[in-house]
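Alright, here's a single protein chain in two forms, structure 1 and structure 2, each given by itself as structure tokens.
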Structure 1
Amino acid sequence: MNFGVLPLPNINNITVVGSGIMGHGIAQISAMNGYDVILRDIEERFLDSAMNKIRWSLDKLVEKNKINKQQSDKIYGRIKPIVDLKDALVDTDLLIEAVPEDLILKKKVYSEVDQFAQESTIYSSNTSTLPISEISQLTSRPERFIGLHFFNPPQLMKLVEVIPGARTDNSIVDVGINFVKSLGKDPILCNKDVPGFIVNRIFIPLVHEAAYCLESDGKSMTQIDSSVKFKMFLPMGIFELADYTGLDVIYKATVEMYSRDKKVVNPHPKIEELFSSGKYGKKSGDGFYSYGDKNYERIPLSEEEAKQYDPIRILSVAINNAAWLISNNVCTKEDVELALKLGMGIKKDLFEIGKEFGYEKIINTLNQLQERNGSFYAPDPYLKSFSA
């Protein structure tokens, strides 16, 4: 069975290191597209939980007639959970590292991987915010190293950002792009190795901005979330999405991005507070909202509640960071729009939504925020072309 193009001729065996939300999903879609996959984690119990999630997801796909039961069993059988790293790397053509966002941890993982991987193995990282050039320098093969950034849930989101590091060989960029296509996903090349790449440069600051709005605007979380869903056309509210992604992921991404570039996000203390108290969102049962123990849960949001709030401040920050990406040649306007559609499920072009709200209003909002809160909010020069 193959949902993508075809497995790449030189890549048969994949090892995914790290079996969390992203790792298990990447293992699953690789197996769904014909690859033999080893899923590696440091303890059996993490792998058991990952395999249960894969089984749940495959059952959902059977329920929806996307695959049949026989195919589901075959896919499941293609994924081998292994704890021993040496065994996990014996025959690997492509390593996909998906361990938590911590450079010290990644350094440890790559120094171990380097002991056992074959010379021909290509390394890739699903890092969401750490610079590919920095991680690749921790390995024996920066030329054969590429960023492949998937989106949650990897089983459903079509986007993969492909990020070359400073020393990545062009042939490896091609392999990365073709591998993504072979998974039936859409690669978007990130021309510069900037903090947050494309989508997280927009998504992470939005969570913080929504927290400022919650603090200052006297509205409830579901009112703000409903306005984001029904007026900004995101499939989830922003607090809902933060919980779904994980406050641990968002907090670590914030720290990494902010330490490298103060212009990328205006951190709100609520994120650190939730992280420090173990409220990671859906996965821990508590975050902005509280959850039961179902695999997948949604927050009820409504058009009625959306009428109670104008998300102009949240929208303005999203558009300003999108404009920054274009001004700085990280990607084109078309790529930003496509990335937001495929990576975050946004149902309309962001700059079109901006037009409906009015660019004069957006620039005024940013100017006021800049006066009160500093240069993070300074309107990007690219926006001026919209208000002219």
Structure 2
Amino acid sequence: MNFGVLPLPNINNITVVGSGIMGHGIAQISAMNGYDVILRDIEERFLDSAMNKIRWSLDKLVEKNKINKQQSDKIYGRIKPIVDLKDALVDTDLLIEAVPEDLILKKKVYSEVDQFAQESTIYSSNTSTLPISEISQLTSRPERFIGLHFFNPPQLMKLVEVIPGARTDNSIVDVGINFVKSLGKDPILCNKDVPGFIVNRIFIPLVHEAAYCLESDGKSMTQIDSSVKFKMFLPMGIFELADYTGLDVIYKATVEMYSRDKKVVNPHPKIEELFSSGKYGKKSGDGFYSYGDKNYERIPLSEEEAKQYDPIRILSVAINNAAWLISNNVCTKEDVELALKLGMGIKKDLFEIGKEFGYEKIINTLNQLQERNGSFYAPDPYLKSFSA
């Protein structure tokens, strides 16, 4: 955190549209790093709630001696909540749209933004799965449009995926990368606007794959989750991580990704079933696991239970999707590894884990799955370099 270090020379004033979890988090970290921020939403009550959460977050930082009270007040004072969109866009250098993942809603927002934004304003979207090229086409300035995918919670997560659309000017890509760096975050460039970008292209299919394993392998959720945590080095089990992320988020991301590319995910009906039942995970009290109305507690996983299950199928799908990103020049192997560390919390390089399991075994697993279940599982050519 720079706490007042001068922001980028061409970006001083930021407008964040949407004051939900992501929006108010992005507003806070921008203000913490020297930017003047307008936080815009459609009703005063949403903004009041967002500003209260920002104040609470800053107070926590004061309590932990990360900042002092004077700094906290200065940061809070840089954020101005505004309902009127025209007022919210006056002198804005960078617009960061953080409204819900609904293309129709985003189209409405950008049609209004286009009426009031000055010509020099750069547009960006915090979408986690919707194609940047499609969103940019909803605006009058696709050349000045960039994807900036922050991870939840933005105050803590270091990763931001930077995604140019088909018509994004290179200079805007540079601005996006430098802006992310100015926040003390780690930008990773997603060279192609593919469904799911980098992290979700790997994470979302894994949730579905784990559901298939639960259905077919005769093991419990905690055995599968323990194996993923202790053998694949995730911070928690895949079902637990899905509940933590939100099954509503995962379901909507699945629909958007699958509708654009049938080879990106093999949807399991369990995800739609949980979503349709209002079982969103941690936030609703029920998901794969049941939490009730008590405070969220970690699921008890153990190395003993991990010994009861071989997560080779889950690992094989993760590595295959990572390989696809590399062989299709979406990003480098180094970028994939960093993205998974920062975005999913994996504690060890994915391809190193693959080496320990054995690439011959991984390719054989994928070939068998392809024979039974179709081309989603076809081993990516990049994997051959590991098995040679």
Ligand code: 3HC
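Under this definition, the rigid core comprises the largest set of C-alpha atoms superposing within 1.5 Å between the forms. All residue numbers here refer to structure 1's sequence, counted from 1. Here the structure is a predicted model, which is why all the values come from computation and not from measurement.
It is structure 2 that shows the chain in the form predicted on its own.
Relative to the larger rigid part, the smaller one is rotated between the two structures by 13°, as taken from C-alpha superpositions. Per-residue C-alpha deviation between the two structures, core superposed: residue 16, 3.3 Å.
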